[in-house]
Every structure is written in structure tokens, then in C-alpha cells.
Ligand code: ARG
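Let's start with one chain on its own, the form predicted on its own, as C-alpha cells.
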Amino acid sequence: MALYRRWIGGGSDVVSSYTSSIEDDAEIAEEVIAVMKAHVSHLVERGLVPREDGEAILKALEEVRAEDLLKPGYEDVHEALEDYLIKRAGPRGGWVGLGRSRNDHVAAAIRLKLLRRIDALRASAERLICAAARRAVEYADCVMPSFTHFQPAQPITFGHYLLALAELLSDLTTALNSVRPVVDKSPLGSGPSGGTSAPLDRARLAQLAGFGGVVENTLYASSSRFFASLAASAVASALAELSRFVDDFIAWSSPLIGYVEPPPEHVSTSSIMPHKRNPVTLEVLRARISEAVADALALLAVQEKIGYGYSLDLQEATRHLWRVFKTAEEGLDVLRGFLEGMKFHCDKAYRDAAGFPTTSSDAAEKMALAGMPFREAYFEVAEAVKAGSAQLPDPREAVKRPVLGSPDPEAVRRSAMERLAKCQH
């Protein structure tokens, strides 16, 4: 079934069985077909192949389905597609090899697929931002302790906490928007590394394939996976931070803390302890985020040791890119469902904020603002806390701090409503 290895001879299947990417290529099969359509269309419009032959190939490309190509026995989807076209269009199907390498075509297909994954992830992030903002309005007055070193720290509100999550996701969308132009450049026409003798118009070829620009240097175009590493690293970095929110929700859903009541559809129970209400979706998400961080590292690790030019090592790197994006997109949607359905027990959270000396810094700052050097005020409050005689502000008043981005309920409501206004659009 192999097309390219026929000239080598031999009957061993070790190459096809061990090195084939046909299973992983399911991720980019549609994009490989789209890239080939652009390539053949350009060959026809430049007069580099007979128009009749080119139109026969394009007709076959319109009829091919991705699943027709994903069969064992081929090195990759590119070989499978060319073999399919030769079988459908006869010898004239062989024109598709002109001005083309698998190196530039796979890079183009990965870039096109990645653009779609970036857009899909950005949409998931925006939906979660909107869910967090809606709940932030609802919980703007819900006083709770913040935690540093997992010790009760300053009082905040749960609405304020949710806006921290929203701002992380907003930064993720900014990062994705910044990465997108790096990805949205065509490597087509760069050949295996040094271009092609066929007089292709690479800018026109990029336009036909749906790219916004061109990767200029042909060696960089075919060989680089920086665009993939950049995207995966940005997403994995956001996921690593997101896992800290996930871990909070898991901890707070324990009755030992009792702040969060998970939605029924996100919990499971024990096979022996019927009282258990385990937040299993978030536990799996926490684990998969760790895997995504490892996938981003694997994507970098596969690349860092090979010389500059295409090697089949790069084929093995790509699956890690798709895993990072799949984990992120699915995970954000799972977290949104959890957030939309959960309940937060403000009474329990307030009791903890009031039961521990969470407003000690507010007391010290009040004394400092009245004229006492802060460090003196600090030690005076510390001694009073230690003696159990401290007169500390009520957390419900302390959260009304005047600085930008504070947990002041009015500021939280205002900020959340600004985010919600964008959600309407």
C-alpha cells in the first residue's frame, strides 16, 4: 500500500508499523485535504499543470473523505492522499507532487488546525469568563477568608475570588490573540527546506489556503515548530494556574471546610461509603492539567535536540500539541458547568472570616493612618491578637478597601457587570 517506499524495495513492514503517523493524522486529515486543494488550484492557475488534469484532481479532492485516508499501511495521511488521487485520477494524479513536500504541507495543515483550536479555546475561555462574572455579581457581598500558606488571610468576597478567575481567563484570551498571528502564516511553497524550482507565488498560495501571511524563510517555514511550542506553552501556563482554582474548589467542597456544594452531576460516591460526595470531575481535571503541562514539556523536549531541518522526530511532537488544547477546551467547559451549578455557603465562610483574626492588617493600617508608624501599630495589634484582646474590624466592613481591584462589594459588582456587558455581544 505504501507509495513513496516502493523504489526502496524489501518486504519488511517495520517502517510502516513503527513510524506511521496515520492514527495521529486523524487530527489534521481535513486540513491536509484543504491544503492540497489550495496547492492544486495554484498549480492550475499558474499554468504549471494541464488544466484538464488539474480539474480532474480537484474533482477527486472534492469527493475524498478524511476517513478514506486513515487506513493502516501508509506512512502518513499525505502519502495516503496522493495514492488516493493517483488511483482516482490515474497517472495525472501524480502532478500533485510538483512544487510540494510533505514537510511544508504538514506544517501548513498543523497551522490551520491550530488556528481552529485557538479560536475554539478562546470561545471556551470567554464562556467561562461570563459564567464567573454572573456568579461574581451574585456573590459580591459574600465575605470569606482569603488564604496565604493555606492559613486564613485577609477577608475578601467570593465574588472577588471569581473575578480573579475571570482575569486569568481574560489574560489567556489575550495570550491566544497574541499567538494567533505567529500561527497564521503559510509555509506552503517552501518545499522540504530550500524552496522549489516551480515558480509558485507563495503569497497567493497562502491566500488560497486561508492564511493571513507567509513564513518567509523556506528553511524556517518547513522546519520550525516554534508556533506550536508557543501556543502550547501559553495554554499550559494558564492551565497550571487554573489548577489552583480547581484545587480550592475541591478542598472547599469537603465538609471539613464546607464552603462549596458541588452540583450533583459533578459528584460521585464510594463503593463502600454511601455518605461520600466526591467532586470527581474536578479531580480528573486536576490530573489532566498535570498531563497537559507534561505534554507541553514533551513538545519542547522532542524538538530541542534535533538539527535544523525536518526530522521525523517532529511527527512525534505534534500529538502533544493536540493533547494540550483538548485538555484545555474540555476542562474549561467542565469547570464552567461546575461553577454554574455549585452553591457557595456564605454563612460558613463569613464565620471563618470573623472567627480568625483576618482583619489584623486592617486594624494596624487604621492606626497607622491615624498617625502611628505602621510597624509600631503592627506589633501592638500582634500583642493584642496573641493575648486574645484585639478589637478588630468586622470583615464585612474591612472588605470595603478603597484601592482598585479590591473586594469592595460595589467594586466587585461594577467590575463583574462590565464583563457581563461584553458577554452580551
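In this text, residue numbers run from 1 along the sequence as written. It should be emphasised that the depicted structure is a prediction, and the values quoted were computed from it without experimental measurement.
Another form, the form predicted in complex with the ligand, is not on view; read the next lines as being about it.
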When the ligand is placed as it is in the model of the complex, which of 298-306, 312-320, 163-171, 248-256 ends up with heavy atoms within 4.5 Å of it?
-> 312-320
Does at least one non-hydrogen atom of Ser21 fall within 4.5 angstroms of the ligand in the model of the complex?
-> yes
Using the partner position in the model of the complex, report whether Glu82 sits within 4.5 Å of the ligand, counting heavy atoms only.
-> no
Examine Arg102 and determine whether its closest non-hydrogen atom to the ligand in the model of the complex is within 4.5 angstroms.
-> yes
Would Leu115 count as touching the ligand in the model of the complex under a 4.5 Å heavy atom rule?
-> no
Report the residue, out of Val106, Val96, Leu200, Ala236, that has at least one non-hydrogen atom within 4.5 angstroms of the ligand in the model of the complex.
-> Val106
Residues from 154-182 in contact with the ligand (non-hydrogen atom within 4.5 Å) in the model of the complex | none
